[in-house]
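Here you get one chain, nothing else, as structure tokens; it is the form predicted on its own.
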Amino acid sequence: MSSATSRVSTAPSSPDLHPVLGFSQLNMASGATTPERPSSPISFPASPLPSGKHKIAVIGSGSWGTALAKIAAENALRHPSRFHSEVRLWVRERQVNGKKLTDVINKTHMNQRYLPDVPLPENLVATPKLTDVVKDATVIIMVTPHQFLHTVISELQRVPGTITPGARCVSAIKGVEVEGTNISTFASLIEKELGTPCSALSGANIALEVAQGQFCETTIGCPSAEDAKIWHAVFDAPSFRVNTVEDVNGVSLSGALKNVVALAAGMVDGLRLGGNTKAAILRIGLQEMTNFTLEFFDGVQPGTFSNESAGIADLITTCYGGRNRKCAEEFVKSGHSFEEIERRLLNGQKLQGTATAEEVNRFLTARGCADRYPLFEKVFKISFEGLPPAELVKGL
């Protein structure tokens, strides 16, 4: 959303939710690196359901959606006083070896299409009908490719009362939406269209590594301390450490814009340039990510980019191991279009960086300031206008 309309959280600090500090704000003499915590923590927010327990639904069954659903289902069993044991996963029906994907998941407890050989909890139930997935759900995890988000929202809006009153959402969708000179995050779009508070989750989280239980961190930007309590309980696990912050916009934008920088990193790899060049691209990219978000969104804290997993850590991971980097390298080496590379390499999943690069350039062009973000502009022109990839580093 534009800076005039974007939502600013006014939530107080809590044991699970605190403002992000920049390095300049840390009191090194005292050794304090975190804000002071209130003496009486907020109790766990009750569910609006008669049971008093929250019910978890996951919308999106790609590799990332399945990885998050696995963690949420395991935590539902770990906290039986807070959550119903069954966690529903919305699956767009596909055929896998002649069988319905929902049947494969529910019988084998593996998502053979997107996360083969990763065991899933038996309380995670694949469901093909979206309205059945969200029935009575009080915490809804949105992990669809952003190209399908409007379709999902329209289906949820079609029948009044589909979303449980008092439900909360979290968006793990990467990208932004542009209309003329206005730009919005998907968290703000979900909140506006569904009438639910919406947090944002992003971090240095390669889906397969998360699903395999390799240790990592993530960041959740929350609009209130109550939301922070709930989402921390849904996701925090021994191998998936959660930090919550009062910066929904910063977490949303860091997760979206790092994919544009990852395209640049992949182009560097495709050009066979070295570590110095790639490090420079990451530094310039982080600077443009931070400046862009601070310029056009309210309530953003620079520390989200410099201190949090959603910022610098996610940028590093994506620029060395993500699908956007991989496809951009192939784009340079093969000369094929991103559409063809996506079909060939991503097994039905969607490439987010190119769509975000296009949206960001359209927004900056409408505002007349694309030249202030030269790396973003170069990535767009190489991806869509035929600029030679070797031009990437010129003029940065």
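In case it trips you up, residue 1 is the first one in the sequence shown, and so on. C-alpha atoms forming the largest set that superposes within 1.5 Å between two forms make up the rigid core. Everything quoted here is computed from the prediction, not taken from an experiment.
Although not depicted, the form predicted in complex with a further copy of the same chain is the subject of the following passage.
* Asked: Here the chain is shown alone; which of Ser224, Gln301, Asn75, Thr317 has a heavy atom within 4.5 Å of a further copy of the same chain in the model of the complex?
  -> The residue in contact is Thr317.
* Could you tell me which one of Val210, Ile190, Val261, Ile140 places a heavy atom within 4.5 Å of a further copy of the same chain in the model of the complex? => Answer to the contact question: Val210.
* Is a further copy of the same chain close enough to Leu120, Thr131 and Thr162 in the model of the complex that each of the three has a heavy atom within 4.5 Å of it? -> Negative, none of the three is within 4.5 Å.
* Can Asn276 be called a contact residue for a further copy of the same chain in the model of the complex at 4.5 Å between heavy atoms? -> Output for Asn276 is yes: heavy atoms within 4.5 Å of a further copy of the same chain.
* Any non-hydrogen atom of Arg241 within 4.5 angstroms of a further copy of the same chain in the model of the complex -> Because a heavy atom of Arg241 falls inside 4.5 Å of a further copy of the same chain in the model of the complex, the answer is yes.
* To do: Using a 4.5 Å heavy atom cut-off, state whether Asn307 contacts a further copy of the same chain in the model of the complex.
  => Contact check for Asn307: yes, within 4.5 Å of a further copy of the same chain in the model of the complex.
* Could you tell me if Asn205 has a non-hydrogen atom within 4.5 Å of a further copy of the same chain in the model of the complex? -> Result yes; Asn205 sits at the interface with a further copy of the same chain in the model of the complex.
* Choose from 197 to 205, 85 to 93, 103 to 111, 245 to 253 the stretch whose residues reach within 4.5 Å of a further copy of the same chain in the model of the complex, heavy atoms counted. => Flagged stretch: 197 to 205.
* Counting only heavy atoms, which residues in 209 to 225 are within 4.5 Å of a further copy of the same chain in the model of the complex? -> Going through 209 to 225 in order - heavy atoms within 4.5 Å of a further copy of the same chain in the model of the complex - the hits are Glu209, Val210, Gln214, Phe215, Cys216, Glu217.
* For Asp269, decide whether the Cα shift between the shown form and the other one is 2 Å or greater, given a superposition on the rigid core. => Asp269 C-alpha, core-superposed: shift of 2 Å or more.
* Core fit, then Gly321 C-alpha moves 2 Å or more between the shown form and the other one -> Where the cores coincide, Gly321 still shows a C-alpha shift between the shown form and the other one that is 2 Å or more.
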